[in-house]
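Take a look at this one chain, the form predicted on its own, written out in structure tokens.
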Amino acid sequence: MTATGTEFKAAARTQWDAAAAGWDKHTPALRAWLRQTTDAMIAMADVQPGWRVLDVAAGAGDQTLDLAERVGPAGAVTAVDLSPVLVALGQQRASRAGVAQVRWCVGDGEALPVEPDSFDAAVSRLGLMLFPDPLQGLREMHRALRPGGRICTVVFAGPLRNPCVATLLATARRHAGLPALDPAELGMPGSLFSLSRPGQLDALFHEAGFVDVATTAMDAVFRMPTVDDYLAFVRSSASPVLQILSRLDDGAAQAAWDDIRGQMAVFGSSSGWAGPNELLLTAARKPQGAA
């Protein structure tokens, strides 16, 4: 791993550790937002009862428990995340739910702590786009899968299809003194839109060794009672935004949040706040006979 990659992951781990409690607190809203997407991801990975499933960048694991329910007591799920705090929250959640067939571990998605050919399916929900080297992440999932094993990942589509998130990031970058992202820079590793270019995901999956690759777009509107409820979520749990604004002093940070609130208010109405989002689900399989 390069020094730059090491530093990137160390900073990401620190930010996600700090955001973990907020992410966990807002689980009901996140679960509602991603309900249909999660169901589609599990279906596209063809997860079956009794299977062994790998959940990469699992976070606090609400989708991990869905996977555990799908595989049942005869199956097993391994949930891996870079953040020790998120992993601990996932373990607590599984314990409260009485779910015993999940193994939780702290690990790097680009160097998975698992044996080769040991899983029937692998998923990653809103994680792969944040990897500094997503191709390496896909190669690791390919290594972990048995021949014929299935995979499905979820990432953000492009900024034009995600105006709420795009505006949020653009406003944060402007206040932090960072240049606006040029469309040609959308593939910048580790950013929310890093895998949003047309054809990019399919090409990466093929390069990693997968076949039967197909990417599907899905609408996923994020609904909150008010814009302030949405900002409370962002301020406590949206690590990429917090990372951008972390370089500002208190006064400059507050000015940034005030501006962000004004920008986000346009998505509100008398029936509540609704931020439009589009996500990309990519499904594929490891070929039979592949090493």
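So that there is no doubt, residue numbering starts at 1 and follows the sequence shown. Keep in mind the model is a prediction, meaning the values are calculated, not measured.
Below, we turn to the form predicted in complex with a small molecule, even though it does not appear here.
Student: Contact with the small molecule in the model of the complex for residue 86, defined as at least one heavy atom pair within 4.5 Å: yes or no?
Tutor: Contact check for residue 86: yes, within 4.5 Å of the small molecule in the model of the complex.
Student: Do residue 134 and the small molecule come within 4.5 Å of each other in the model of the complex, heavy atoms counted?
Tutor: No, residue 134 stays farther than 4.5 Å from the small molecule in the model of the complex.
Student: Tell me, yes or no, whether residue 208 is in contact with the small molecule in the model of the complex, where a contact means a heavy atom of each within 4.5 Å.
Tutor: Taking the distances in the model of the complex, the answer for residue 208 is no, it never comes within 4.5 Å of the small molecule.
Student: With a 4.5 Å heavy atom cut-off, would you call residue 164 a contact of the small molecule in the model of the complex?
Tutor: Contact with the small molecule, no.
Student: Please identify the residue among 152, 155, 168, 130 with any heavy atom within 4.5 Å of the small molecule in the model of the complex.
Tutor: Contact with the small molecule in the model of the complex is made by 130 alone.
Student: Work out which of 126, 204, 176, 213 lies within 4.5 Å of the small molecule in the model of the complex, going by heavy atoms.
Tutor: Partner contact (heavy atom, 4.5 Å) among the options: 126.
Student: Any idea which of 257 to 265, 224 to 232, 56 to 64, 244 to 252 reaches within 4.5 Å of the small molecule in the model of the complex, heavy atoms considered?
Tutor: Answer to the contact question: 56 to 64.
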